[in-house]
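Listed next as structure tokens is one chain, alone, in the form predicted alone.
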């Protein structure tokens, strides 16, 4: 595919203009006739037993159509991607302040809000479990009856004790990361509609996997999934938080009981307290190397606070462990992780999915090792970098493409890195300049043992255009134009000749979840198969119709004596009632090893990022000056899209490093709005934010593509912290690096 017409070209997104003009209708924008408003009563305590729920006063309020409690949940009163341990509506206990206790539907939003205040719930408060280490004590209150340990995972390779014996230098350090908010612009919102005539419930609600929503709704309602339609695209941002069920089941229940369309749109405060966050983790890292810089041993212990329910806390922990060694050859490893229940809100999927936390710890430790050994940080990484067909640090074969070495060499040769010491001369105390680097490998796909697939169909319409049916949701990532680019490449037609469906369970095949940076890879493989099948079908039908062998060529069927334009063939097929269609189904390849619970993966994207910072040692302020992102995404289907992912990911990762933290006190949110939660603005963005793409050409994808949604927001955090150290000689191991925290550490070191 070296010579291509569409793949690899910076083609504008098909949804760009409507979004820029504010014309895009998201699920929370929809309005239907006779629509009611729904509201959710949340828990009054972060941990309490429910003694009584009295809805009588609320039901009598004029304008109220229904009030629902756990008694109205017809099926399983629980949901969760891995483990359905979160109640749809709580009946005996609440475990965090976002728990739902009752639902109301009323004629106006204000009446629904008033009705919530009339529901009386008697609670018996319980001790709040705040600290994950204390949660594991035998005397700790139990968040769940079976105990507070969600998952314990251990991975190892070689003999870590022997590895540290072979090491000349050993470093140990504890790191900690914060609870982090996704801060998407569109809060959870949508509409549920029950059509009594067809018996179909339709739920319009932004999410990341409409087909899994369909199954979870059906399970809660004890309903036939074929009678539940979920439309979930487009979405006004997600970053992982809308992978889990949010309000979909509530919409379905209210629509069923009222027989009217019911709309719910969460306020920012309600969204903040109820949806999942990025996991806070404590990471203890011990790294050993020889005096010439050969990594010999790594021991990592992770304690993850998953909050009140499982959600994806187990897989996040596993990916944090898998990513902890980074893209490096290490012969001896011991990686141990525990995910723990607390009453600290709820954590789940967030961009980077655990690798964000472990990369932060490993990449700072590597820089510390480089300083100890007096080796350039990039040279240390190059000395130990993984290559294709190596065994990983968790002892599985890396048989897919690996471009990390090239990313490091580009970083090493970049002007930003080469001139770092020269540029320091342009600054005078108390202003200091520094440059840092970090690398990462991001697992793509869901991992060993977890169903991971995509289905696609492509139809020839009667006017000679193509309809691409695929179920992936548009959450702002720009995949839709990439799907069309890949399909147009195979079908040899202009993109304008193609249409596509997305995120509708009644109009599309199941193309998998929009998670794990995998949709370009999976859908790309499936649509390639569908397009090839369609071309065979077109040639077969044309040959039957004309009576001579015909072959497809740029929207024409060409034979020895005739050429037929595609639109004529389409009309002929339509007149005969013949549907010309190709279907493709692709299952993600898996690793040669099986460690259970989705471990390990076999496909990875890689990135190296270089960042420069300017630090004011008097105020503690840090300004990220320049960033260079060097991603290995396989073939870049749309380079402009990859650049966009890198530019946005850099700002998100920078904010993780320096600004954002969800504050809780005794299980209650102190930051529940953008007025109290610090977010970056355009003024905080780096002065330059450049991307150089490395294309390692993935052999298991017909276009050579992998994925690049997550890595740009992962390695940038430790790159910034390494740059801060390069500037002022101060290391921070607990993020975010606020001015107060940095000044305190500067003062502490002055006293040493």
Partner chain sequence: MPDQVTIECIVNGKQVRTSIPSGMLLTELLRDVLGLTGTKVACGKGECGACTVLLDDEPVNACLMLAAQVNGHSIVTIEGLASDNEATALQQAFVEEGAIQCGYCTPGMILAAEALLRRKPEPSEEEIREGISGNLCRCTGYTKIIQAVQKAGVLRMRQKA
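All of these numbers come straight from a predicted model, not from anything done at the bench. Numbering follows the first chain given and starts at 1.
Below: the form predicted together with its partner chain, not depicted.
The stretch from 182-190, 612-620, 208-216, 319-327 that comes within 4.5 Å of its partner chain in the predicted complex, counting heavy atoms only, is 182-190. For the options 579, 561, 681, 162, the one in contact with its partner chain in the predicted complex, meaning a heavy atom within 4.5 Å, is 681. Interface residue among 312, 486, 628, 475 relative to its partner chain in the predicted complex, by the heavy atom within 4.5 Å criterion: 475. Its partner chain is not shown here, and in the predicted complex it never comes within 4.5 Å of any heavy atom of residue 383. Heavy atoms of residue 704 never reach within 4.5 Å of its partner chain in the predicted complex, leaving it off the interface. In the predicted complex, its partner chain sits within 4.5 Å of a heavy atom of residue 235.
Looking at residue 652, you'd find a heavy atom of it within 4.5 angstroms of its partner chain in the predicted complex. Contacts between 252-283 and its partner chain, taken as any heavy atom within 4.5 Å in the predicted complex, involve 268, 269.
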